[in-house]
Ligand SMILES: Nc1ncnc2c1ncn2[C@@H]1O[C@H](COP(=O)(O)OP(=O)(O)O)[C@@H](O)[C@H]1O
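Only one chain is included here, represented as structure tokens and corresponding to the form predicted on its own.
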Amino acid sequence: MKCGGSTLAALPGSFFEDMKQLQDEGIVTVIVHGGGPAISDTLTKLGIETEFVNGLRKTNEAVLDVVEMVLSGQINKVIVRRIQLTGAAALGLSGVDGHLIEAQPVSNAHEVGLVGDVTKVNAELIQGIVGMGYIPVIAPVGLGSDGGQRYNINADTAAGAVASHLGVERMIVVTDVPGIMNGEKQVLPVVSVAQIEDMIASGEIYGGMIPKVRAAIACIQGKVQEVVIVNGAEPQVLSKALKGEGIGTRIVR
């Protein structure tokens, strides 16, 4: 499951209760979270300027310190606490821990700095945590193969890579919208990647929905066959999405 930090902050307690219910039924959620707005807010408070290039935050060591502090420290622990309030067990970690996420510089690193593409995920570590009965909560900060350099990784890219390395076929993207809507404001139950590109080109998908949809497409990589976009505020949204109860929008290859 991929969830933005600001989305998670607004989710009702029932969302986490649903996660606990699924765990009791033997279905464990692996969470990869973002936190863009909170990072921007903290950078502003500290007087550190940041800019975006094609949706990626320009990252130097000073920005990276804040990224790691906000993602691995603040947001990660808020999610862990909220899960644990339901009686479920959660373990928060970042891509740095146990070389969980290895990364290399993105192709346009000369423009964006210390932003990484995932090269490897330590799936055994995640499976070990799940095997001990914990829900893993992962912050998308990665390490270079030398183990010394940190990288800021886009949460959607990280989530897709984690899902693919774990070998899961379906990923849930939790947002604050009910799914992808057509011109008549009706939620489309199923849509292919090619159809999405056409809808963006025609202007049917526009504004703030474009990055959400592109992010979901970025999650379809490796073994991941489909991504379900859902509104986290809907009652029992995870259970419904997993049981195929026609909630949200399924994006298929």
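No experiment lies behind these values; they were computed from the predicted model shown. One rule holds for the numbers: they count along the sequence shown, beginning at 1. We call the rigid core the largest set of C-alpha positions that still match within 1.5 Å between the two forms.
The protein also exists as the form predicted together with the ligand; that form is not presented, and the subsequent description refers to it.
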Check your understanding: If the ligand is transferred from its position in the model of the complex by superposing the C-alpha atoms around the site, does the shown form leave the pocket open, or is it blocked, with blocked meaning at least 3 ligand atoms within 2.4 Å of a backbone or C-beta atom?
Key -> blocked
Review point. For the chain shown here without its partner, which stretch in 176 to 184, 159 to 167, 78 to 86, 124 to 132 has non-hydrogen atoms within 4.5 angstroms of the ligand in the model of the complex?
Key: 176 to 184
Review point. Should Gly5 be counted as a contact of the ligand in the model of the complex, where contact means heavy atoms within 4.5 Å?
Key: yes
Practice item. Find out whether any non-hydrogen atom of Gly26 is located within 4.5 angstroms of the ligand in the model of the complex, and reply yes or no. Key: no
Check your understanding: Is there a heavy atom of Ile205 no more than 4.5 Å from a heavy atom of the ligand in the model of the complex?
Key -> yes
Check your understanding: Taking heavy atoms only, is Met209 within 4.5 angstroms of the ligand in the model of the complex?
Key -> yes
Review point. Does superposing the core leave Ile31 with a CA shift of 2 Å or more between the shown form and the other one?
Key: no
Exercise for review: Please check if Ser202 moves between the shown form and the other one, taking a CA shift of 2 Å or more relative to the superposed core as movement.
Suggested key: yes
Practice item. Using a rigid core alignment, state whether the CA of Val213 is displaced by 2 Å or more between the shown form and the other one. Key: yes
